[in-house]
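Alright, here's a single protein chain in two forms, structure 1 and structure 2, each given by itself as structure tokens.
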Structure 1
Amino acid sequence: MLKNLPQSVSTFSGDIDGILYFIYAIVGFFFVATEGYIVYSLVRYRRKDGVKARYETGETWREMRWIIGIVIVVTVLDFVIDSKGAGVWAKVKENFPEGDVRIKVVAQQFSWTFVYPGADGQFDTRDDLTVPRVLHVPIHSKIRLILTSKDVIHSFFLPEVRLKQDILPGRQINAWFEATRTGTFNLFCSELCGLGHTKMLGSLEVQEPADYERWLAETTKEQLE
């Protein structure tokens, strides 16, 4: 496993990591092959006493074979990566489940606000539950997010979940995830949104279902009092 990736805490993060590892492997192979050939050439064709340098004209067809061969290899790899990535893209960005829990995410300079529907199951009603900065969700539940912005372009980024989605003012954008581990995880805005951009931090709190329901009931009661 590569050590530079955050821990994986969602059902689709492993699929995304798989694509990254595949790309790393391809890039690593070409890096080693290219640098290896450069080292070989430096040794093989180094200056030697008593040996004169020889001028050689280029051979168009030989040069073209190298170019065409590399283009074919890169094109095939492109199709392979695209075919692997298309399924993951559809899973994360297109095939949205209905969601066991629906939450509206409101971004604004420079904070996050999370809105949970009340007993009526509808947003923008009096019994909405509004929570700043901390996104509470139950583990092993499909979380449907409705992303909105009050001012400029923001970007909702949960690195451990492998979820990143730009948020545009005037639009409601859907996203989803299902957490597989409990704990507290990072939430960032990854779009430069103003002078206070670096302060736009939040967190994801993944809880056991019973703990989540207890938190939901207690927080709702506090807001109603």
Structure 2
Amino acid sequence: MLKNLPQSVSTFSGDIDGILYFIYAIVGFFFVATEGYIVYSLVRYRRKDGVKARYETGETWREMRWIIGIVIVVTVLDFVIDSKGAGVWAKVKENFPEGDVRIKVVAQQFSWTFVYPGADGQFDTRDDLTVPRVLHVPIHSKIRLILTSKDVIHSFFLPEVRLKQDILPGRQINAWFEATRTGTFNLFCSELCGLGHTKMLGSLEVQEPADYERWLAETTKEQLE
């Protein structure tokens, strides 16, 4: 079921995949065991002439002991899954690093725009760099994203990075990631946002730092002209 996961290109994508595989192992075991037991009992206890069913109400602790045992296991596994997940969640969504690069993401029906602060490191100044559609980031840097929307709710989804965050209009929502592989990756809007939702695509361009700086310089020059 998980063999189709897209490649993993960020510092936390491996952690999220780890949780997925961990849950997969637990769930897979219960799936096989339970479905197997259902099929087994349908065959084993099928109606036979002269064989009467067992009278067993399950109202005593003794009769319930198997169920109680399994349920204790389930409860323990629940907490294991949650405690493992808590760390990953905190890493992705709570404990943000300050970020080497700050980029403002502007979502609107039905396009993505990325604003780079320019030389002064401040947004909403004259040297802001506005880039449509393609999010350029340097590899191995902590990217801090400031997500904004001009109209309705959009969702910023980088499948290869394993990052997804809804964007609410009227608010600034933070997200971060650090890419570990260069190349061109996908960017989707994963919240129904209207007629052109299906075409609200962008892409993520992870570059070597040198290439990134060169791209930044060229684009800055273009925009100033």
Partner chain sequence: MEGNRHQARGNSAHHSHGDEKFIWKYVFSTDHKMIAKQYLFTGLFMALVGAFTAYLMRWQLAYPNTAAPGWGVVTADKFNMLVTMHGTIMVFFVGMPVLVAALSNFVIPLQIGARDMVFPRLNMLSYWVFVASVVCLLASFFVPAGASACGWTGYPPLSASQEYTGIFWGVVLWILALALEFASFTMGGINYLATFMCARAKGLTYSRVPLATWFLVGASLAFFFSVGPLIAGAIMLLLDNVAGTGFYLPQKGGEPLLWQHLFWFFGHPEVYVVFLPGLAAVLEIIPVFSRKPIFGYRTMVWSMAVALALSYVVWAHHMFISGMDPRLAMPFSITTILISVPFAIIIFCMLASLRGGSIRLATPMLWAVGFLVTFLIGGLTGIFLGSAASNIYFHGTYFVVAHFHYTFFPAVFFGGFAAIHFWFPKMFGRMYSERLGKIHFWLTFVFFNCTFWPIFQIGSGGMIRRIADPSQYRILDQFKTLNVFVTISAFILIAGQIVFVINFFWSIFRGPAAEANPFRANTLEWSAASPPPHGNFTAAPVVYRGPYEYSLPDRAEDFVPQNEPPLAQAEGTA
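All residue numbers here refer to structure 1's sequence, counted from 1. Between two forms, the rigid core is the largest collection of C-alphas that superpose within 1.5 Å. Only a predicted model underlies this, so the values are computations on that prediction, with no experimental measurement involved.
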Q. Which of these two, 1 or 2, is the form predicted alone?
A. 1
**Q.** Value in Å for the CA shift of Tyr45 between the two structures, taken after the core is superposed
**A.** 2.6
Q: Can you read me the CA shift for Tyr55 between the two structures, rigid core superposed, in Å?
A: 7.2
